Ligand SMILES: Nc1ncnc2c1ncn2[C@@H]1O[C@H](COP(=O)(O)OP(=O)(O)OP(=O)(O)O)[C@@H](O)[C@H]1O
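Shown here is one chain on its own, the form predicted alone, set out as structure tokens.
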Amino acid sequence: MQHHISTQHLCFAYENTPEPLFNDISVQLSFGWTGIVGANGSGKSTFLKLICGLLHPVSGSIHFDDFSYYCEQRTDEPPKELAVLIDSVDRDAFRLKNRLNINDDWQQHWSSLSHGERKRCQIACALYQSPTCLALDEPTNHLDSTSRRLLIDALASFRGIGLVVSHDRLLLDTLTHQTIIMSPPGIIHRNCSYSVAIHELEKEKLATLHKVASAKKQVKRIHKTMVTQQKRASKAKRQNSKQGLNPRDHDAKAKKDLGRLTGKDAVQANIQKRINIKLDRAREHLQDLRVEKQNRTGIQLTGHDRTSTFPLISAPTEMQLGDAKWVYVPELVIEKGEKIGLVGDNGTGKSTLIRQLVDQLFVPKNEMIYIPQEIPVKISQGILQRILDYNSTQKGQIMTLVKRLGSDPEFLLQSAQPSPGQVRKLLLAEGIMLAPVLIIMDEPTNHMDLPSIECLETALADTDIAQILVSHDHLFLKNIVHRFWVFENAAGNTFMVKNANDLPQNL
């Protein structure tokens, strides 16, 4: 078994993009878990696929010839290895199914499974293959807190080279000993966990800024000295000039000749030359102190003031989940400006209720932001094309918002298939442009990079637009919502929705 993977001068570019996504990347990935982070569209998933041989570099090399397995973000289709895992009776299969709470009938009911249940199946299938290199793309997306703990315990037992793309700080800090931060066309590599790496980078940035400030002061000081010396040299030159002297004033001419003989003007000129050289060196040093440009981030959400739209009322209902599960939902009321969080375990019906509310609430589609939990590839491509069809002013507004959410609009516009995180940003930016009265988001932090999550959290907390948010990120919800709709197990396969002012302690 190989204990490391190395890349040498790796370069990769997609066919329809003029600039390479990666250029001259050389890195060694060692035994244990490496966290891979970066903005949406910065190439995290592409890097995993290159390592696993699903994509091939334009130039450079990847030194690894053992078995690798890539576990993708999406959960649209069941893993091809699921049937083998379900039917296996060996100890490893039983251990994984028990550890991740996987039922033997899930293969037949894939379409009715929650995305969290599907994600657990994906991870179990990946671990069952026992690869030398296991590459996981956003493994904690959709998972409730219980499933997340189970997953982290399962991944901690993996003995191989692990690569994990994630925005989950707990997962990264618990598992990883290396961190790669994607910064196209290069990377930043640190031999430490994510939080330590970010802390180190912030310290380095502050130190560089301090050096830049000192270098600027040095340039300013030397420039001031140079100006003073120029005046001295100019004065010395004028003093030794015979221009304007009376041709018969031989004493004055003799003094000028004596000044030239002693070289006072030359001395001043040499001093000025040395100062000029010193100034050039100071300016070169200042240019060498590169400070990465920080794009302005943060968005603002402003909605229509449509008081007549509220309150929104959903009638009591019973929802069927698959063949045997039922959810009983009481009358639900959403007041103007109210922010409601939906919480509960995977498979209790949160996404089903959200889809029902989108269809039944009396809110025009152009006055509502609705972002589902998962967006299929074809629909994602259609969303991008719809954005491209807007007029230049509207498209510019949307792309400005995408940039403020931390993604590069140029890379996005050039891509044939936007990443899941990029699609969510496009939908959010498009909705903001329409000034909505209601925001409905199912797992809004899924697929989003960490800076974008912070921007979104601040914007949702500061706006007075009514919101319905499903999320397993309880800290995210606590910073935004006013009350909760809690999905609880009533008996057997029956669930109930209850109103609560605070987040239940058992979640």
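Bear in mind the structure is a predicted one, so any value in this text is a computation, not a measurement. One-based numbering along the sequence shown.
Only in words, not in the display: the form predicted together with the named molecule, which the text now covers.
In the predicted complex, the named molecule sits within 4.5 Å of a heavy atom belonging to Pro418.
Though the partner is left out of this view, Phe411 does reach within 4.5 Å of the named molecule in the predicted complex, counting heavy atoms only. The named molecule is not drawn, but in the predicted complex it has no heavy atom within 4.5 Å of Gln467. In the predicted complex, no heavy atom of Leu456 sits within 4.5 Å of the named molecule. This chain is displayed without the named molecule, yet in the predicted complex the stretch 44 to 52 from 44 to 52, 437 to 445, 60 to 68, 477 to 485 comes within 4.5 Å of it by heavy atoms. Each of Tyr14, Ala39 and Gln73 is positioned with at least one heavy atom within 4.5 Å of the named molecule in the predicted complex.
Only one of Thr140, Gln422, Thr348, Thr176 lies close to the named molecule in the predicted complex, with a heavy atom inside 4.5 Å, and it is Gln422. Taking a 4.5 Å heavy atom cutoff to the named molecule in the predicted complex, none of the residues in 195 to 222 make contact.
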